[in-house]
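Next up: just one chain, as structure tokens, the form predicted on its own.
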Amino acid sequence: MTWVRVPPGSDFSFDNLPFGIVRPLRPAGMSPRAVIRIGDHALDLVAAGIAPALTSQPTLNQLMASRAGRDVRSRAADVLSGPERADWLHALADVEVLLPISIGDYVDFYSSIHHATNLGRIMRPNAEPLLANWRQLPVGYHGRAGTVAVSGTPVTRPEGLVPGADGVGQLMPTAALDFELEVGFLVGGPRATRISPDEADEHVFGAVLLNDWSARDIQGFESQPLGPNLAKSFMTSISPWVVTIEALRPFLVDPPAQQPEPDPYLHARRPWALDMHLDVELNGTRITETDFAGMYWTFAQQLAHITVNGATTGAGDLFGSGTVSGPTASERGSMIELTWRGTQPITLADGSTRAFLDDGDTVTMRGYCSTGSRDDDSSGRVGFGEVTGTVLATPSRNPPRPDASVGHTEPGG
């Protein structure tokens, strides 16, 4: 199908062709531009003469706003399946991979029923784990767009007020740094509002992997009564390759049944769950793997919810799925679940244990869709690559903090 050699089992097959932004390193002085990734190479859309006014930009925002993405991707596929033009390819080793978009608004959701149930049981062990409104709407909060960073960017351990034994908050580095395994969706097209779920593919350009880093002790103290702020705003990591809605369309499936039925503005006739495998490694040890298709609220319903009140979307807006967790202990998408709020530490391959993340730890998330079995590398595969980040120590300023709890309010996300 293509003259480019694609390694067996690559996330970036001819069926995928995701967009990204790179800065070529050779020759020196080249500007950032849009590319299409295939295998271990990137097709330079500017060099190929494909929509240069849109693809010569330092972000994908103008391309996403124009609704020309489908045509650009189709023309790139024609190039990659036509006469060989190796001079239009860059090896991945010869480019700097950049944040692909300038983020507009960022909303994070709380849409896995297994994740929400686990956290309810952790935080309210003697009460109903799901709050009354959880099954009626996709719960979400506004995050900080300015601290969304591309995979590989180190994450500095954040500080915030954490209560000591006397309950008084003190500014301290978090002792409960966590990850959240998520999928992020990127909005394209012109501004829009009151989008129905079945219009989602007209407004969602594509998807990325997302790690919504979280400081659980800071979150527990500040989220009384409002939602998280400093506990989330310090960093959100996304993968650099934007997998288009066209590439994902074959993997859309029916979502789980919703009881009670949601309000009519959240009703959908089309299947909007995404059949996608996800996993997380901590320092090279796989600590969880799960499937995205089990999410209670779909991305189409999430988009409908954030616009039903008249709020508008813009190209480059990002919304996160919320932590993806499955029904079993091996499918939990955060450390607070995996270690049951630190009471059941996990053991890594080197014999060390973790309740939450230590300085120097590296978290790597991967995800892919496949028409074959999970272990079948020969099947059609549409993958996201990875999103990774290494924890750096807080810059020295404060003395060691006293023992502190993770907090007693709903963490969310």
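Being a predicted model, the structure only gives us computed values, none of them experimental. A residue's number is simply how far along the shown sequence it sits, counting from 1.
The protein also exists as the form predicted together with a further copy of the same chain; that form is not presented, and the subsequent description refers to it.
Only one of R270, R286, H267, R144 lies close to a further copy of the same chain in the predicted complex, with a heavy atom inside 4.5 Å, and it is R144. This chain is drawn without a further copy of the same chain; in the predicted complex, the residue among V79, V139, L248, A175 with a heavy atom within 4.5 Å of it is V139. Looking at a further copy of the same chain in the predicted complex, residues Q170, I306 and A311 each place a heavy atom within 4.5 Å of it. Proximity of V107 to a further copy of the same chain in the predicted complex: non-hydrogen atoms within 4.5 Å are present.
In the predicted complex, none of the heavy atoms of G189 sits within 4.5 Å of a heavy atom of a further copy of the same chain. Shown alone here, E331 lies farther than 4.5 Å from a further copy of the same chain in the predicted complex, counting heavy atoms only. Looking at T156, you'd find a heavy atom of it within 4.5 angstroms of a further copy of the same chain in the predicted complex. Proximity to a further copy of the same chain in the predicted complex, taken as heavy atoms within 4.5 Å, picks out 229-237 from the listed stretches 69-77, 229-237, 199-207, 335-343. For the partner-free chain shown, F221, E222, S223, Q224, P225, L226, G227 of 199-227 come within 4.5 angstroms of a further copy of the same chain in the predicted complex, judged by any non-hydrogen atom.
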